[in-house]
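Presented as structure tokens, the chain that follows is alone, the form predicted on its own.
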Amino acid sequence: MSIVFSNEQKLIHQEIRRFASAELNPIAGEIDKEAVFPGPIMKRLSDLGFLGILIPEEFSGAGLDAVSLCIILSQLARESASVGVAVAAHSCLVTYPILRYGTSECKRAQLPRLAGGEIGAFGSQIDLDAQCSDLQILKKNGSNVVDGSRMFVFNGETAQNFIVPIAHEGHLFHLIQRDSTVLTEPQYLLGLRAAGIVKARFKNTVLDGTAFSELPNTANALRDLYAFADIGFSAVALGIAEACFDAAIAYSKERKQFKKAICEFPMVREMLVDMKGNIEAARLLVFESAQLYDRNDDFILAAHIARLHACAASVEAGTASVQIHGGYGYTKDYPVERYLRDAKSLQVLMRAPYETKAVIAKELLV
């Protein structure tokens, strides 16, 4: 296959690349070091329309497609994977289920706010079957309340509304508003340190039972959601891999040993070639899965494969880039150590590679 972008998508690429280079690049290292969710950057992204990527224009969004989403996420992640993951979670794990499964009232209430800069959170669980042992739903005073905790809540650091998947009485997705019954605490992560991922504790928290429609098959809805999220996360992984490659190319031309630039050494050249090949293969897989979604074709298998290979390519590119940088690669003086930490964290986020392979095998054997 080939990737052919429309004129609109080319303009989107130019605009987000310009933004990421000018505004995100100067702060990417600092927000990682301080582990601070980049609220001002998210506000700027909202002003540019990049938080309402998938939201239709009738709800004040940009009304763009999945290919455009992948362009935006990959370019953000080239400068900061934390910001890429935050926008991916906002778009794929919060906006998407509201668009697909939210009631008309929920869409009217939530989508304009999400497009306008209000960050949404998603309470992921470690196992992806939604039959949560970590959360319990109980009846109290005629309302459903939830009690328990979620270890990895995307964008939970600043979000006012949480979407939590838990199968209960024909419902899968539940909307929770942050109040005194919702407590969050930071997670000390290897990478993606500025992505706002927290642990959340719910204590007799009231669920909004009118936000999402009943579903005839909650398992299929969860399967659909995580496959779409894999499209977004694979685009983030692609951006990390590209950043690793760019850094390795630049350093290998600059660094000299034995009076020669190290890019002239066969071993370094082989590493660069392997990195480039893996990245280009990942790029095709990422955008193929997005194009399948945009054409309303079955995208689920392609999305899982794209996530598996793009994440592997980013980890391999990070490892190779650190090696090319030598001892400097292990210091904060160069960003490649951050790229590698982010790549490895993304690879195991929500689902480890062996679990992704199990999901792919299940799809193949249906």
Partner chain sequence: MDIIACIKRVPQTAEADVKIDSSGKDIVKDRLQFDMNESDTYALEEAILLKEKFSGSLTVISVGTFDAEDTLRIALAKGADNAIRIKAEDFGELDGYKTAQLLKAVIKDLKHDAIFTGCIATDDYYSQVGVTLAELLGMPHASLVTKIEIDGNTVHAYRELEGGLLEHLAMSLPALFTIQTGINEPRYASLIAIRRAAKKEIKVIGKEEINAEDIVSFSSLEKLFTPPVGERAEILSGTLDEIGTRVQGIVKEKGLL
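Numbering follows the first chain given and starts at 1. As the structure is a prediction and not an experimental result, all values here were calculated from the model.
The protein also exists as the form predicted together with its partner chain; that form is not presented, and the subsequent description refers to it.
Contact annotation for residue 37: none of its heavy atoms lies within 4.5 Å of its partner chain in the predicted complex. Its partner chain in the predicted complex comes within 4.5 Å of no heavy atom belonging to residue 27.
Its partner chain in the predicted complex is approached by residue 62, whose closest heavy atom lies within 4.5 angstroms of it. In the predicted complex, residue 48 approaches its partner chain with a heavy atom inside 4.5 Å. Scanning 11-36 for heavy atoms within 4.5 Å of its partner chain in the predicted complex gives 11, 12, 14, 15, 17, 18, 19, 22, 23 in sequence order.
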